[in-house]
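Okay, here we've got a single chain as structure tokens, the form predicted alone, with questions on binding and movement later.
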């Protein structure tokens, strides 16, 4: 039974048709499996209505199926996802890929004009079935084309992407992380590392940031940039955050009980927390359980997060301020709305992004910009901290302009808990 909306085959009809086409394919020929969708289709539906969105899909499907003699079959998989098969007799995949790209570009242009919406963009993934992979399961071929589409969507550099084997390897790695993270938390393979925050004038440790590290049983370390973006997509990042929060609260409580020196520790907040804000009750319960004075607690929101969900961020900050907990804006200056955000959001600490210190020797323009930001934070009664400090000259400059605190490898990389305890005893990180 065909898809009523687009007139294309159903997926159940498409698969056997593709199988037969592959079986009947001449040795020198190839078949391109093209998996496509409309980028930001939800935006189009929300803006123009579902009825017009349905017409857009129907027109897109019509153009695919009437694109030429090389069209074999097509199906709507789900929502705006359409897969089709195209035939190339001579098997010249380079020229064929260029033709597919040109076809997608043409369909885009027509749809933008007909529906009077310049934001209509398509993404597509392509997988070639030729003599070398003739025995491949066609559903695997479709899946590979879909992986290429997802890569195109994430990469953003090209609307049409050819499948490469490493894309499947990347997905396998992601699935491995997703499937093992719960055991990793349970088995304490995750650890809180602490990077000191240094007072610019005294060069004493005045705080720390808690950062997650994943140490495998064989001693291999998986760094955050390898697993955090993956867990962000699966929402498992929330479990990781909660694990680190518990570690930090337990550490602070232990030092308080021992009568040892305690400094505030900041913890990172994932954008996933902004969807439900369950984090507010979770942190409130931690405060009640561990009885840690709020002056030792700080939570970091990224500048991007503040831009995306200003309403939720305001609710978050209000709740944490009511608990007496400071909130900082991390990565300040890495986005495009920094100054506007400062006028809207009552942040306590501004953390200047490490991009400001990308050069060991700062130019005069860079110095002027950093100085202006630091002066502005003072006027707004906020504290300033600069990340990524790696040289003595950078540190001296920041101290000279009145930046409150610094953080970076010049003083200390993130270290294990025992090493951080030793740094606190010494009182400084150098």
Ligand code: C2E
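Numbering follows the first chain given and starts at 1. Bear in mind the structure is a predicted one, so any value in this text is a computation, not a measurement.
Same protein, other form: the form predicted in complex with this ligand, not shown, and the subject of what follows.
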| query | finding |
| --- | --- |
| Contact assignment for this ligand in the predicted bound form, among 168, 228, 73, 184, heavy atom within 4.5 Å | 228 |
| Contact assignment for this ligand in the predicted bound form, among 31, 403, 57, 389, heavy atom within 4.5 Å | 389 |
| Location of this ligand contact in the predicted bound form, chosen stretch of 124-132, 306-314, 236-244, 279-287 [non-hydrogen atom, 4.5 Å] | 236-244 |
| Close approach of residue 354 to this ligand in the predicted bound form, 4.5 Å, heavy atom | yes |
| 4.5 angstroms heavy atom contact with this ligand in the predicted bound form for residue 150 | no |
| In the predicted bound form, residue 80 touching this ligand (heavy atom, 4.5 Å) | no |
| In the predicted bound form, residue 159 touching this ligand (heavy atom, 4.5 Å) | no |
| Every residue of 211, 330 and 409 near this ligand in the predicted bound form, heavy atom within 4.5 Å | yes |
| Residues within stretch 264-291 having a non-hydrogen atom within 4.5 Å of this ligand in the predicted bound form | 268, 269, 270 |
